[in-house]
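To begin, one chain is listed below as structure tokens, in the form predicted on its own.
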Amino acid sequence: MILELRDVVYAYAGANAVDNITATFDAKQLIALTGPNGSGKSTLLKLVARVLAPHTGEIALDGRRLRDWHAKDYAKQVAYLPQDPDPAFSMRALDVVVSGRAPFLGRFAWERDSDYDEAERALALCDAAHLGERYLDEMSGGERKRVFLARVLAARPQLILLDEPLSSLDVSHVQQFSALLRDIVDRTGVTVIYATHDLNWAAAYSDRMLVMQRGALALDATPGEVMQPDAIRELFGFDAEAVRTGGRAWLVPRVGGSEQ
């Protein structure tokens, strides 16, 4: 899989939310999309997901422009999970996950046994097989996130787009979910691009980090290159020290450090 963005621009009310983004993404990568609030992360994911269309520039998957893909064919290749996908309604987890098989079903067709097999496989990939018979409104936030992740995995996509999947999780579940994303990439070969504000966990598990500022791509680099005190000061406006352990750098804010 190769995803290409070339000079992509999208504006709300005349102000560029995504400003001239150019980037290429290959198969089997875990990519963290970071940056301050309002920097364009969610808009960029929606553009790749075809929820929005670029005002100028092109996005292509495997050499085909997004506008040239049939909607159902594209949905088989690219799965998108917004930040707040659904309320905690009373629905069995297995039925939620099997709904991810919709791109493979004909109009008015019911799910087949093979679709439920795929749903069970996806739940197992998310360490959530035990949740299959439970109902969403009986689950914790962390459990529901695993169910919704399984729903996008049920279609066996090449590319998964996640908008802040770590939000509202406690630190234990943030670590577990971050490790789960790493494991899914390694086991399936899928590429995952996810928006996050948690720099430390992103750096701990990701292959690559993209930092956005005011709609532009300010830095596209390895975690080690992003997690430098000078880069953090320039991009995020706070002072921090980098503590290295296990081959990765963790940021510790300096008490009383300057803010911009």
Partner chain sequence: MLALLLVIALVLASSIGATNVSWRAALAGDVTARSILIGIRLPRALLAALVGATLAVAGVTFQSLLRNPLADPFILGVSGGAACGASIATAAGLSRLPGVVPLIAFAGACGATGAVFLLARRREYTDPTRLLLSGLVLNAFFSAVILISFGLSRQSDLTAALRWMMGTLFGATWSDVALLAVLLVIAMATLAAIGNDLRMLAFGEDDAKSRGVNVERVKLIGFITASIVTGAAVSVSGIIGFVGLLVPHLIRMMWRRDFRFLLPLCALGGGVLVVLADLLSRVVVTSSELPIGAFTAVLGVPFFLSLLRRNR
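Positions refer to the first chain, counted from 1. These numbers were taken from a predicted model, which means no experiment stands behind them.
Below, we turn to the form predicted in complex with the partner chain, even though it does not appear here.
Visitor: Although the partner chain is absent from this view, report whether residue 179 comes within 4.5 Å of it in the predicted complex, heavy atoms only.
Guide: Outside the cut-off, so no.
Visitor: Residue 219 near the partner chain in the predicted complex, any heavy atom under 4.5 Å?
Guide: Because no heavy atom of residue 219 falls inside 4.5 Å of the partner chain in the predicted complex, the answer is no.
Visitor: If we define contact as a non-hydrogen atom of the residue within 4.5 angstroms of the partner, is residue 140 a contact of the partner chain in the predicted complex?
Guide: Residue 140 lies outside the contact set for the partner chain.
Visitor: Does any heavy atom of residue 165 come within 4.5 Å of a heavy atom of the partner chain in the predicted complex?
Guide: Result no; residue 165 lies far from the partner chain in the predicted complex.
Visitor: Specify the contacting stretch among 199-207, 44-52, 28-36, 228-236, defined as having any heavy atom within 4.5 Å of the partner chain in the predicted complex.
Guide: In the other structure, the partner sits against 44-52.
Visitor: Would you kindly say which of 79, 119, 131, 149 lies with a heavy atom within 4.5 Å of the partner chain in the predicted complex?
Guide: Selected residue: 79.
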